[in-house]
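This document opens with one chain alone, in structure tokens, the form predicted on its own.
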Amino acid sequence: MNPNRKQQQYIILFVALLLLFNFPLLSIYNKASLVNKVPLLYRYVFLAWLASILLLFAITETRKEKERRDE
């Protein structure tokens, strides 16, 4: 994959995380409700965090795979 495309993916991920963990979206989930005995805000933060880790892993692994093929 093109290195510029990888940089674009990292930048898009950064901007998405910046939006996910800032005021407008966090205030939506900051309610006094429980989902399976877990506050809604905590559930949102941990699921968004898990999704960000998985996306970063996917981007990084495709990069390593491409580098192995080029060798």
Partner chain sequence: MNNWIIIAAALAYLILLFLIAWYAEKRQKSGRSLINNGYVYALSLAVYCTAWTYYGSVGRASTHGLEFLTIYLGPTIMCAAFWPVLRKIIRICKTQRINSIADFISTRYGKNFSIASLVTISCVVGIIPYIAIQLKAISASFELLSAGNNPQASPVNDTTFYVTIALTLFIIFFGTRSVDASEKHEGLVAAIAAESVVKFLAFIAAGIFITYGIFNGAGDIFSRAMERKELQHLFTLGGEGAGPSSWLSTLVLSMFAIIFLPRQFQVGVVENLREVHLKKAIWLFPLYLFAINIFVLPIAIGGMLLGTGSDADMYVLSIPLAHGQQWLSLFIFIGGFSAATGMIIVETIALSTMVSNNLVIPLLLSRSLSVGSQGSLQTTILWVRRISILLILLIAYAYDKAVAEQFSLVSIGLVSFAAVAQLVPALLGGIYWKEASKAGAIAGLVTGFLIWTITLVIPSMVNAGLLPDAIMQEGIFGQGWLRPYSLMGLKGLDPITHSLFWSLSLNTLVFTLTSMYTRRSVQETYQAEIFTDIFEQSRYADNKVVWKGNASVRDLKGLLQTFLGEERAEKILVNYANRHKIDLAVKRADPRLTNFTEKILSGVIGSASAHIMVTSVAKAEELGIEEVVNMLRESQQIIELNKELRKKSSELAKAGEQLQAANSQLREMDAMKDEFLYTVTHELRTPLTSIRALAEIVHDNPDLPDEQQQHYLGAIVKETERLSHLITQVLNLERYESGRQKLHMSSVNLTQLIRDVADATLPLIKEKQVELKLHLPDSMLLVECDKDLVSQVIYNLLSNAIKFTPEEGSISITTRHNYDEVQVWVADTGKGIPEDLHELIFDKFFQARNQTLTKPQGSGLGLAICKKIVELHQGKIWVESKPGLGSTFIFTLPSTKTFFLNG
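Residue numbers count along the first chain shown, from 1. All figures in this text were calculated on a predicted structure; none of them were measured in a lab.
Below, we turn to the form predicted in complex with the partner chain, even though it does not appear here.
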message: Please determine whether Ile53 contacts the partner chain in the predicted bound form, using a 4.5 Å cut-off between heavy atoms.
response: yes
message: Would you classify Leu25 as touching the partner chain in the predicted bound form, given a 4.5 Å non-hydrogen atom cut-off?
response: no
Sequence-ordered list of residues in 28-46 near the partner chain in the predicted bound form, where near means a heavy atom within 4.5 Å: Asn30, Lys31, Ala32, Ser33, Leu34, Lys37, Val38, Pro39, Leu41, Tyr42, Val45, Phe46
